[in-house]
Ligand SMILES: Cc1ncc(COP(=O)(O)O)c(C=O)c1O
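The chain below stands alone, shown as structure tokens; this is the form predicted on its own.
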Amino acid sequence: MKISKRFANVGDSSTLKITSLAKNMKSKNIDVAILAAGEPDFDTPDDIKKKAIEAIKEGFTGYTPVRGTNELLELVCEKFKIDNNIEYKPENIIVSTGAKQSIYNILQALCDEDTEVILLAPYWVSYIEMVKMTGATPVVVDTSLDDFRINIERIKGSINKRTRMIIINSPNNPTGIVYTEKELRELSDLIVENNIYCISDEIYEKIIYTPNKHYSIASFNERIKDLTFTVNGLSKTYAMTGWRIGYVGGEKKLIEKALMVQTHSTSCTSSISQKAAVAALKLDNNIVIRMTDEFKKRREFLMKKIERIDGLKYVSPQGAFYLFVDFRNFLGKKFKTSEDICTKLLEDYKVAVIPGGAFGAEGFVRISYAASMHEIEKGIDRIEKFLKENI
């Protein structure tokens, strides 16, 4: 069997793979605690669903412009201005089938086989695989050496004439770390100085815990704005994961290149989802606040439970809805990797979590608290039982 060289080394998505296995077990009435996927357990707000139903009844079911409907593009621009202090016009925006496709479009449009892309580990599992799909070389900077913060000198040391871009994610998946204004301004200066591009994945922007604050790197000045692609979406903030809708803003000529990738791959995003997105962006912030307050309760509960288990440590999340737990004290002859631990947990203890190796952080495990409190309690009790019986 012959396959392309670009895809020969592309791996599966651990998050989707484990979540799929767990859901399949659940469909067979196996009691599995699923703490794997980055999917809020809340239902999509009614106002959003009503708008989608209206669109179907009114026959708004055909193709739209590939870039997105004018109504939605204008609202996205307004959102960027109000929330992020970034001035974009509709010509600077593309609406895609999720933030994931926005990132993929950019990488495909701008990366070549002889280029490099800097990733800050731990990174979201799909970044490294999407870079590989372009033929470019991922260059990993390990942030665990610096308490998962940005270290400008380490990043600077990874830049060379082949470096095309860097991908950043704040609030971060899987650690929940939120980069400070100072960190981002220093990084901005480095990016501009070296004339490389930046993808800023801000999908968890509104799921953030006091006193932390979100900053968009593109908002600092025109130079960094022209080099940055600001990626966002509706999946996490409005519990719209299955609606598959995200968007990106960037410099017009560069956005046009990314638009061509979408034109010849998926074409436009679902017309119905775009109508739903319009309703979402018109909602007041109270819905997001209520969701975040609930995530905060789950976060506090989970941290306290982990603190009572000898040998476990975690990264304190400042945003998003994950607890990145350090299991390295339990690696040895029986369990050599975090994947071994997660496999044992799923098969024998019926709890689904994600191995840190998939994020470039071997020995860690990501636990999602986007699940219900009942699911979290059940899952963490099983993890504690696993450690007592196997370590």
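Start at 1 with the first residue shown and count on from there. On a predicted model such as this, the values are computed, not experimentally measured, just so you know.
If you look for the form predicted in complex with this ligand, you will not find it shown, but the lines that follow are about it.
- Per the 4.5 Å heavy atom criterion, this ligand in the model of the complex is contacted by stretch 94-102, the sole one of 132-140, 277-285, 94-102, 80-88.
- Note on contacts: among S188, Q262, Q318, S235, the single residue with a heavy atom within 4.5 Å of this ligand in the model of the complex is S235.
- Scanning F148, Y215, W124, F220 against this ligand in the model of the complex with a 4.5 Å heavy atom cut-off leaves one residue, W124.
- The shortest heavy atom separation between S200 and this ligand in the model of the complex exceeds 4.5 Å.
- Shown alone here, Y179 lies farther than 4.5 Å from this ligand in the model of the complex, counting heavy atoms only.
- Although the partner is absent here, R154 sits far enough away that none of its heavy atoms falls within 4.5 Å of this ligand in the model of the complex.
- Although the partner is absent here, F295 sits far enough away that none of its heavy atoms falls within 4.5 Å of this ligand in the model of the complex.
- Contacts of stretch 24-61 with this ligand in the model of the complex, defined by any heavy atom lying within 4.5 Å, are made by G38 alone.
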